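First comes one chain, alone, set out as structure tokens in the form predicted alone.
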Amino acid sequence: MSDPGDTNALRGEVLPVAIFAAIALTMPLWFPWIGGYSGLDTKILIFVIFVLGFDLLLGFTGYLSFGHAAFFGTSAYTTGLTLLHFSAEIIPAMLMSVLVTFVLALLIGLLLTKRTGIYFAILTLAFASMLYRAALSIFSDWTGGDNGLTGLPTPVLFGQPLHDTPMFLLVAAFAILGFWIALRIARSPFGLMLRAIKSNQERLAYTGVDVSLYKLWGFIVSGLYGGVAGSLMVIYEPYVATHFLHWTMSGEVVIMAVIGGVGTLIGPMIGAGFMMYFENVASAWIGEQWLLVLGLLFVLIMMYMPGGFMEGGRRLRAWFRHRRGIADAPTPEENDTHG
């Protein structure tokens, strides 16, 4: 007889990760059928990692950051500089990027996690904007200024150049691992504390819990996801664009999370796929007005499905169950016969 705890673990973690792994690893096979092209699948999975970390912050603690580009962009520049000046091997570049992102998230988190609401959101935007301006001015000799960081060598892993399928598999492995870790966090005591902070952090503090410490670690973990995504973006495309630090990058990840369904982990991943597909494939069908259409879709989703695509899925399932219930219900004639 199976243990109910094992069954719940299977349904809660193993099954979602297995389904996601199957979808991610087979993308090169089915993605071209819907108009996708080689390379876009890799970018989608990179943004899946980015938005997973963002959802751990916004969806679990309720802290809205408009400055997550700071982690993505800083990590991207660190990876680029390490590849350019130290070694083309990706392992030291990624380790250095994670270390720099950790320190940056720690410093920003110590300063900002004591703020809440709009003050926290605006301050994260301010920090990211300062880093963006610094990259274009006082650090321009290192970052390449407006031109971005160019001339990077082809990244290698154990001496083997990373292109096409090996690069895709590397990013897919990180995305699957990132999803599994996010699920583990969501179901851990740490994840429960983050949700409690979102629910009522004052009441939680009255019980003796060090709320600031949990908020800080939640912020750091979220930032590290952005750092890994930024590093992988430069390994995939050996060039660091200035917009990696721009506020629009932060805005994109906010839209991805909100349009998919904040706090669900799966929803933001769907949102990332939708946004990247819309921006790179559907825009070619729509033409120059694709941003207007995207804005309209965003408004309609927020007005009629504030829970994003995940709410749409729940409504659809409820509708099918309702229809099936009506179809299975006995007719008055059947009731009379049975009576």
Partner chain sequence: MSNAVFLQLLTGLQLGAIYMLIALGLTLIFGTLGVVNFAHGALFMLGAYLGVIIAGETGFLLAILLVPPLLFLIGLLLERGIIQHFYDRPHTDQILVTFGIAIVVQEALKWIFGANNIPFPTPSWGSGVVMLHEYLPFLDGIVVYPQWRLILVVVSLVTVLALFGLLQFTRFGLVVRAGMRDSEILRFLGINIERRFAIVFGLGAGIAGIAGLFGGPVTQVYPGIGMAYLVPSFLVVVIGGMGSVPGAVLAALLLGMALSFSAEYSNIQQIIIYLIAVIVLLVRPRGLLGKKGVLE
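Since the structure is predicted, the reported quantities are computational estimates derived from the model, not experimental observations. Positions refer to the first chain, counted from 1.
Beyond what is shown, the protein has a form predicted together with its partner chain; the following relates to that form.
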Quiz item: With the partner left out of view, is M303 within 4.5 angstroms of its partner chain in the predicted bound form by any non-hydrogen atom?
Solution: yes
Quiz item: Looking at the partner-bound form in the predicted bound form, is F309 within 4.5 Å of its partner chain by any heavy atom?
Solution: no
Quiz item: Taking 4.5 angstroms as the cut-off for heavy atoms, does L95 touch its partner chain in the predicted bound form?
Solution: no
Quiz item: With the partner left out of view, is S137 within 4.5 angstroms of its partner chain in the predicted bound form by any non-hydrogen atom?
Solution: yes
Quiz item: What stretch, of 276-284, 41-49, 27-35, 56-64, brings heavy atoms to within 4.5 Å of its partner chain in the predicted bound form?
Solution: 56-64
Quiz item: Pick from L125, L84, V221, I176: which has a non-hydrogen atom within 4.5 Å of its partner chain in the predicted bound form?
Solution: L125
Practice problem: Could you check which residue among W180, F102, Y119, W142 gets a heavy atom within 4.5 Å of its partner chain in the predicted bound form? | Solution: Y119
Quiz item: Which of the residues spanning 293-317 lie within 4.5 Å of its partner chain in the predicted bound form, based on heavy atoms?
Solution: G295, L296, F298, V299, M302, M303, P306
